[in-house]
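Encoded as structure tokens, the following chain is the form predicted alone, with no partner shown.
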Amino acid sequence: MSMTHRQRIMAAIRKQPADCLPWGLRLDYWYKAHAKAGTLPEKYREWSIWDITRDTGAGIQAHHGRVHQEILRNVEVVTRQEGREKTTEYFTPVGTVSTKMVSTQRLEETDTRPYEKEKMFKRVEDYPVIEFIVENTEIVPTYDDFLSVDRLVGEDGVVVARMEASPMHRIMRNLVGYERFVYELHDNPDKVERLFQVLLEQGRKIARVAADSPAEIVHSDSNLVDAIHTPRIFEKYFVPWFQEISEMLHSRGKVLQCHTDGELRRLLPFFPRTGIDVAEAFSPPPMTSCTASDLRAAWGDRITIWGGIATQLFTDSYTDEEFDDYVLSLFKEIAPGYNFIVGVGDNVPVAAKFDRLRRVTDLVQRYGKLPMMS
């Protein structure tokens, strides 16, 4: 009796045997864009994203969202919408900070979140205000929506619970911005460190909620790029965080998945120390310089890789023959195929030639029986 998509995916993650190479598809961006624009193929007009994924023959990779809610206390939030710009102000007893989000026609057409024009941090005086907001944020478990999605997906795939990025990553990406962060780490290292400690404590609360959730896979947003998350920063701030939360999740029988869609070459040696179980959205050449062989050489079988087919391959930039050659070359590279889940790195593009998703299914069924031959 053949295994289900969920069984295959979890077998690859748990380092257990399986009958066939797992193939797990994340269709979010493609579906949202076409559903919003009214350009879904006629066959799919009334279908859910899960049923469309089933129709491709792939397993469902459902990124449910957070299993926690953040409730602000002692903070007044005021939002103003002016055209496509939305300004949000946060009034606290120790000062006020704000953010500004800007949408565009293209972002609206593709149902993509607005661009963050102004981060919350703008000046040194903002540090205590942001710390106050974080310290006055209550973390509340919210598991019902996850359970609802999990029931809809069933054995046809897995539902992933999303958790916050690592504390230093939140400072870099969400609060300060990458460029400004470099200056702040040099000019105000003590203030950056204090904010990091405040976010670290909040991150532990969020991780505990995720560890107690019904989710089997907990996902930490990473979007790592070694030119930004340099080896020195990664080793000092990211590795200990991943070690801590992976131990917490493992003690509850959960696994830690991280979104590794960027250039990782200089960070590869650090990953085996993190406790990360799944490197998801692996994006090979021509998206990055790292091949599956590079990851295997650095990690062995300690980390399951999910991805491997570059996004561009699904567009008309490549012929059908080039597509087949790429996928079959990947299969030879990852043989015998254990601890690997075929997927798109990073997401199915809006302009995808949809029949190529079914083509992956065909190739997996023909050549993906485990163990595979190199």
Partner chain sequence: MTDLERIKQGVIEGDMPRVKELTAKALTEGAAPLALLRRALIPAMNVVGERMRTGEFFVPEVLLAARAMKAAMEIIKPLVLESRAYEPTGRIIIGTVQGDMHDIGKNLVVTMLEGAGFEVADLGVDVSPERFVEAVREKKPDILAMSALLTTTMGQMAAVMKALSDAGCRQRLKVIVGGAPLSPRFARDISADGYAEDAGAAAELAKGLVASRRAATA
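Positions refer to the first chain, counted from 1. Bear in mind that the values here come from a model prediction, so they are computed numbers and not experimental data.
Only in words, not in the display: the form predicted together with the partner chain, which the text now covers.
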Answer yes if any heavy atom of Thr96 is within 4.5 Å of a heavy atom of the partner chain in the predicted bound form; otherwise answer no. no
Touches the partner chain in the predicted bound form: Glu179 (any heavy atom, 4.5 Å): yes
In the predicted bound form, does Thr104 have a heavy atom within 4.5 Å of the partner chain? yes
Please run the contact check for His186 against the partner chain in the predicted bound form: heavy atoms, 4.5 angstroms, yes or no? yes
Name the single residue among Gly253, Pro269, Pro286, Pro214 that comes within 4.5 Å of the partner chain in the predicted bound form, judging by heavy atoms. Pro286
The partner chain isn't shown here, but in the predicted bound form which of Ile228, Ile206, Val239, Leu147 has a heavy atom within 4.5 Å of it? Ile228
Stretch from 38-46, 329-337, 314-322, 54-62 whose residues place a heavy atom within 4.5 Å of the partner chain in the predicted bound form: 314-322
Stretch 339-355: residues contacting the partner chain in the predicted bound form, 4.5 Å heavy atom cut-off: Asn347, Pro349, Val350
